[in-house]
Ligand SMILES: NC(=O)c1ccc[n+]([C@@H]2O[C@H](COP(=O)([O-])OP(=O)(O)OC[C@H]3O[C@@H](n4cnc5c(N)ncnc54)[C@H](O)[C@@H]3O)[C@@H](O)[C@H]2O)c1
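One chain comes next, on its own, written out as structure tokens in the form predicted alone.
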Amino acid sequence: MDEIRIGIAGLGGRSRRWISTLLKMPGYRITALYDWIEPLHERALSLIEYRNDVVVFSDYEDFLSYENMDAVGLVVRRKDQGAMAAQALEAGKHVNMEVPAAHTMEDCWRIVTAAERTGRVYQLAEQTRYWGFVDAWRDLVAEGRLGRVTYCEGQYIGYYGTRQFFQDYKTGQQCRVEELPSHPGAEPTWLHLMPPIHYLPHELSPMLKVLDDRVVEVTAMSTGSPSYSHPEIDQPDIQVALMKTEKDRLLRMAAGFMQKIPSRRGHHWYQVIGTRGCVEWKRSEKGRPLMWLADSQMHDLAEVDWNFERTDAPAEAHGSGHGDADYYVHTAFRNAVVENKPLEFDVYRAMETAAPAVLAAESIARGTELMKVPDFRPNRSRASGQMPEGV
């Protein structure tokens, strides 16, 4: 195999970025499209020069049974997206999917066991772990320059306003709250009810890469519903998870879609504190990331020229999305499928970012109960390909 015949499932705005990127990358050939909202089909097809060679489906099972397709790019935001990923693996397709991976623990386990049984490649297309500063921070931690890391923070405060919460499924058009009177057919989307903390893989994944660690316990709290910012949206403004890792570190992770922020760059924010130093992401467009090392004659935090974009990025990475990180997502998946190269961010690490988010929401539902996060790797009590007892 010298290229992946890939089908794109889900044809909203984010999928159009996928299509545009894959069309520019060697090793990919888009052969199929799927969305149950038929008005979205033409918008996606219009991006593809060889559109007459692409088969379009409105039924997901028919899409998965298409023989001229090796892999699925799953770009959906639905309650059952984890089940859809598992179903694709079970159908013999490799899967590269958008965050979050799943919305239930059962779906997390179903993805893991399906990948184990079929031997197909599964990747969670979580882009931010490929950012340049993430690798720089990882090296600082690995070299011991921050001492023993004790505390880490991350947050995704992405102001969505009132978009993406309502959609007219007959036309495919998304509607803002103020536009609802002119769109009587618009209905609430899954994002309307999705716990914001479920989006945590975006922030947890890069920090677990920095720490080379995994979460073992999580508890969480939430503001009330509906939103204080937009009462028409039946979603809390902020949810916060407190976690403990296998290496005895504490992590605070927050997520919210309704809170206004002054800078788009500010909606991803991180901090790592150790016994001999700390690093902190910038808080504004005018600001810079900061670092302090106790053993380097530094009296205060100093600005450092870190960024999302990597200094070693090849020319073809520029403009791929998410600070050029989308290039690395699709490159890693292609190399795993075509060249059998092992994924650094494999199915186990993917679930280590998804499961704490699912359990954080469950903790909130149970009154801030402390939840244990399972180890998804096979062990003496669970053979590869088998679901654990009680799931």
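The first residue of the sequence shown is number 1, and the count goes up from there. This one's a predicted model, so the numbers in the text were calculated from it and none came from an experiment.
Keep in mind that the form predicted together with the ligand is missing from the display, and what follows is about it.
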Is there a heavy atom of Val338 lying 4.5 Å or less from a heavy atom of the ligand in the predicted complex?
no
Q) Does any heavy atom of Arg51 come within 4.5 Å of a heavy atom of the ligand in the predicted complex? A) no
4.5 angstroms heavy atom contact with the ligand in the predicted complex for Pro378: no
So in the predicted complex, does Val75 come within 4.5 Å of the ligand, heavy atom to heavy atom? yes
Counting only non-hydrogen atoms, the one stretch of 36 to 44, 339 to 347, 22 to 30, 355 to 363 within 4.5 angstroms of the ligand in the predicted complex is 36 to 44
The one option of Tyr199, Tyr270, Phe133, Trp109 with any heavy atom within 4.5 Å of the ligand in the predicted complex is Tyr199
From Thr118, Gln259, Gln174, Thr219: within 4.5 Å of the ligand in the predicted complex by heavy atoms is Gln174
Contact check, 369 to 389 vs the ligand in the predicted complex, heavy atom within 4.5 Å, ordered by sequence, gives none
